[in-house]
Structures are given as C-alpha cells and as structure tokens.
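This document starts with one chain, in the form predicted alone, laid out as structure tokens.
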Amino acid sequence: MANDSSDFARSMAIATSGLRAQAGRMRVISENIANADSTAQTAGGDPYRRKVPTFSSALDRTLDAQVVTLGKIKPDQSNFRVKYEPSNPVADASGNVKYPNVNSVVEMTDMRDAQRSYEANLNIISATRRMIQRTLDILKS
C-alpha cells in the first residue's frame, strides 16, 4: 500500500501542476483577448504586445516526479496590425494607427486547447480520488 499511496500522490501532484500551468496559460490568453482592440496611449506609440506563455518541466524531489510549471511569458515579436485612421488621436504622422498583434481566432483556439488540458488534468485528479476511495473501502472490508 505504501508504494500505491506514493503513486497516487505522484499522480495528484503531476495533475495539479498541470492545472496550475493551464490556469496561468488561460490568464495570459484572457489578457491578450482583453487587449486585442486597444491602441497606444500616445500618438505613434506601440500598443499592447501579445504575450505567449511557455511551460517548463521541473523535478519535484519530494515525490520524485516531473511536474510542469508555467515558464516565462514571452512577448510575441510579430508585427502590429496597422490601420489608416487619420482622425484617430493616436495616429502617427502618416495617419496610421497600430493595433495589437493579437488574433482573436488564434487566442480562442488556444483558450479551448488550454481548457481541454485543464479538464484532462482535473479528470486525472478525480479518477485518482476515486481509486483512493475504492482502495480504502476494500481495506475496510
């Protein structure tokens, strides 16, 4: 049973790390979506730049298991969208306004992927809890 309980704990820790990482990913995606149509605060300035979450693997020495963590949040270096809007107060001298390099379709696709990964990790935690409960029920009998 000792080995089984450490396997259960390992499974829960790995899945929990996945939940945390995907929740962080969803926060970054939400920020991208919220700023998709914002403009710079000053004429000719740069608007919000899309952020891209990364993941990294770390060893949890207590459990001797690889867990996932939200890594660095990196700026997307792709070009800003530019629209000709000479009457906009933040237009540059040529009448162009820069908009964030955020594509809402891409963000929604990424959000759905993050949601599915989050749900998969949640299912692992639920299944592990059920297995622990069944094991305890068997031991009681």
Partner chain sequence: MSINDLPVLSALRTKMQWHQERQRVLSENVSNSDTPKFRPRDLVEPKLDKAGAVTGSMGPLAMTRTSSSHMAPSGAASGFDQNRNAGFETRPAGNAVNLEEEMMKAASNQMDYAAATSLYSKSLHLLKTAIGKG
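All values reported here derive from a predicted model rather than from experimental measurement. Positions refer to the first chain, counted from 1.
The following text describes the form predicted together with the partner chain, which does not appear among the structures shown.
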{"property": "In the predicted bound form, the residue from A91, V67, M26, A40 that sits within 4.5 Å of the partner chain by heavy atoms", "result": "V67"}
{"property": "R49, heavy atom within 4.5 angstroms of the partner chain in the predicted bound form", "result": "no"}
{"property": "Heavy atom of D113 within 4.5 Å of the partner chain in the predicted bound form", "result": "yes"}
{"property": "Partner proximity in the predicted bound form: S56 to the partner chain, non-hydrogen atom cutoff 4.5 Å", "result": "yes"}
{"property": "Stretch from 57-65, 73-81, 32-40, 100-108 whose residues place a heavy atom within 4.5 Å of the partner chain in the predicted bound form", "result": "57-65"}
{"property": "Partner contacts for 114-135, taking the partner chain in the predicted bound form and a 4.5 Å heavy atom cut-off", "result": "R116, S117, A120, N121, N123, I124, A127, T128, R130, M131, R134, T135"}
